[in-house]
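Take a look at this one chain, the form predicted alone, written out in structure tokens.
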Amino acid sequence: MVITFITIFAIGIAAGVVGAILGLGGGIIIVPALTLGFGMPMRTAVAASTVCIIATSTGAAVAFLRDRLTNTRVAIWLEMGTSTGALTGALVAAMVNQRVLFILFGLLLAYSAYNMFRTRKEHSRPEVVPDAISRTLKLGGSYYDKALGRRVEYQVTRTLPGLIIMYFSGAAAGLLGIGAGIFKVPAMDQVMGMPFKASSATSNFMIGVTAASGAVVYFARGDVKPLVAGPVVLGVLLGAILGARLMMRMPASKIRLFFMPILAYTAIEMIYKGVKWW
């Protein structure tokens, strides 16, 4: 029992570090580890994962907000699309062919992975010209990059396409029961022209808000098991704080290289699921 507790705690630390650095929440590690490694039911694993996403967001958010890495204006703008999409996804989940959705979202992720590889170096990215909404809402920002040793100023563009993508990413979360961070980071980085670190930090902030609404349902159903969720949350909180500190000091190009295989793997996995069920 003690060994199991310590093992789950260690998995939580790893998930927190990865989740904080990449803005994904850590569910991509927690769910497979609990279901495949410990034979737990999917609902118990997903419930623990949802709670751990809140922990990742909370643990990392303090550091990212303090260093002004999180763009709260962008987060509030995009959360309108994500929340609406999540609600739509939950309502129409039983009426939509999920095989098609898996393939479509898989192809979207594969394209994002390719585009991220193509623009993996910050200096190869085109200059970002803010659109009218971005200028009106003052969505541009700046942060001090400890890895570069200088302040990075940036602008935000294509705010409407970004909002539409967030709507579909929220719908995917509601339909497929997945975290939307895997869509949010590429959308902000590739579509809206934000630096990768600001995208990851803002995604961290947003996924906590999205997960909090879902966690209420899992708590009400009794799916959150304290002996499972407890060590996961403790580990994730510690890992998220470590991950946030690591991310500040890592070059953006290395974080991209870390993110791309996860993006490509998730894309292949989703396409495979869609084709397998055909």
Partner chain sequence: MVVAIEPEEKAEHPIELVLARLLRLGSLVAAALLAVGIALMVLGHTGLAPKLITAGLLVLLGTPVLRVVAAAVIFVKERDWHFALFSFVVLCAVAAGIYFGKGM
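Nothing here was measured: the structure is a model prediction, and the numbers come from that model. Numbering follows the first chain given and starts at 1.
Just so you know, the form predicted together with its partner chain exists too; it's not on screen, but the next bit is about it.
Handout entry: Proximity to its partner chain in the predicted complex, single hit among Arg99, Arg73, Arg118, Arg135 (heavy atom within 4.5 Å)
Key = Selected option: Arg73.
Handout entry: Heavy atom within 4.5 Å of its partner chain in the predicted complex - residue from Val224, Ile28, Leu242, Met40
Key = So the residue touching its partner chain in the predicted complex, by this definition, is Val224.
Practice task
Please check if Trp77 has a heavy atom lying within 4.5 Å of any heavy atom of its partner chain in the predicted complex.
Solution key: Within the cut-off, so yes.
Problem - its partner chain contact in the predicted complex: Val51, any heavy atom under 4.5 Å - result: Within the cut-off, so yes.
Practice task
Mark Phe5 yes when one of its heavy atoms lies within 4.5 Å of a heavy atom of its partner chain in the predicted complex, and no otherwise.
Solution key: Because a heavy atom of Phe5 falls inside 4.5 Å of its partner chain in the predicted complex, the answer is yes.
Practice task
Would you check, heavy atoms only and a 4.5 Å threshold, whether Ser83 touches its partner chain in the predicted complex?
Solution key: Yes - in the predicted complex, heavy atoms of Ser83 and its partner chain come within 4.5 Å of each other.
Practice task
Heavy atoms, 4.5 Å, its partner chain in the predicted complex: which of 165 to 173, 182 to 190, 135 to 143, 104 to 112 makes the cut? Say which one.
Solution key: Going by heavy atoms within 4.5 Å, the stretch is 135 to 143.
Problem - Contacts with its partner chain in the predicted complex - residues in 224 to 251 whose heavy atoms fall within 4.5 Å - result: Result: Val224, Pro226, Leu227, Ala229, Gly230, Pro231, Val233, Leu234, Leu237, Arg249.
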